[in-house]
Ligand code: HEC
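The chain below stands alone and is given in structure tokens; this is the form predicted alone.
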Amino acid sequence: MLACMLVLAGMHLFPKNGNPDTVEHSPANSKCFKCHGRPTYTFYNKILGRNVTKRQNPYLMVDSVLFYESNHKSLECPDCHSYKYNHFPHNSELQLEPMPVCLDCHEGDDNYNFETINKEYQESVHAIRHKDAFSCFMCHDPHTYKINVRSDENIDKTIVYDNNICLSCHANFNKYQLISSKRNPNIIKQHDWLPNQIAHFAHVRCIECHTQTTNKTLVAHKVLPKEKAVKKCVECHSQNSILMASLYKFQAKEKRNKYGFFNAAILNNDSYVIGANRNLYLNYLSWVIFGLILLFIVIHAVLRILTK
């Protein structure tokens, strides 16, 4: 089951394209991708007097294809990393330098309201429990991150992409150990109470149940403790489904009620959420049928009394 979840998440452990030169990019980035965009790198060893090829650390590899599809594709590596990395071999002390945070570039951005996002994050279980050991980059890899929920009409792709962010840590023991000495919980067992797990994992994002939704940010960032996670079916399976305030909030308003369906936007996901997709016209029809049946019973009773 866990293996299926990882496949569903579409995780990329290695570059799609071993040759970053096939992707258009800046000369500054090209120099970095020659080593960090491939499984191996070659350098001249002055002591041996010859070129030496080494295996690249997989945690230091960047998929150049994904980078040039990301939100930061217009940036160059030195914009975030020290210009001193231009010298090879790199000085090991450079790893101790603090990386810039999101607000260093995005402060005052009215389109995304990063100040509110940061405030929500500071109130999240991640920030409260892990303090400075946790950062935005734990979830949002700046080399590959792209806004998906507003730009993709295919909700299923959005669900896979966003759940991949959570699974990249909660289904990856090595990454989980970066911030916790505890044993990584088994996602499947933790959700044993959830009926039809496969359908829920495929059609709902983790954050739908594990965050406090607001209208102030594009995506909720206040991750709640597991005790406060949504567990009542009616929260989603009702006319006032919380999915309309989170996963489907970016769907066009005219799609929300179409052909008489409540929350018609949810139908775009090729899924049926019991209780949330009721049809207004079918409701009226059921009342008409109920009324006719009741009228028939009354007429029948009156005729029986008269004929008796």
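Don't overthink the numbering: it's just position in the shown sequence, from 1. Keep in mind that what you see is a predicted model, and the values were worked out from it rather than measured.
Not pictured, yet referred to below: the form predicted together with the ligand.
- Residue contact with the ligand in the model of the complex: Leu66 places no heavy atom within 4.5 Å of it.
- Shown alone here, Phe88 lies within 4.5 Å of the ligand in the model of the complex, counting heavy atoms only.
- Heavy atoms of Phe137 reach within 4.5 Å of the ligand in the model of the complex, making it an interface residue.
- The ligand is not shown here, and in the model of the complex it never comes within 4.5 Å of any heavy atom of Thr213.
- Contacts between stretch 52-66 and the ligand, counted in the model of the complex as any heavy atom lying within 4.5 Å, involve Gln56, Tyr59, Leu60, Val62, listed in sequence order.
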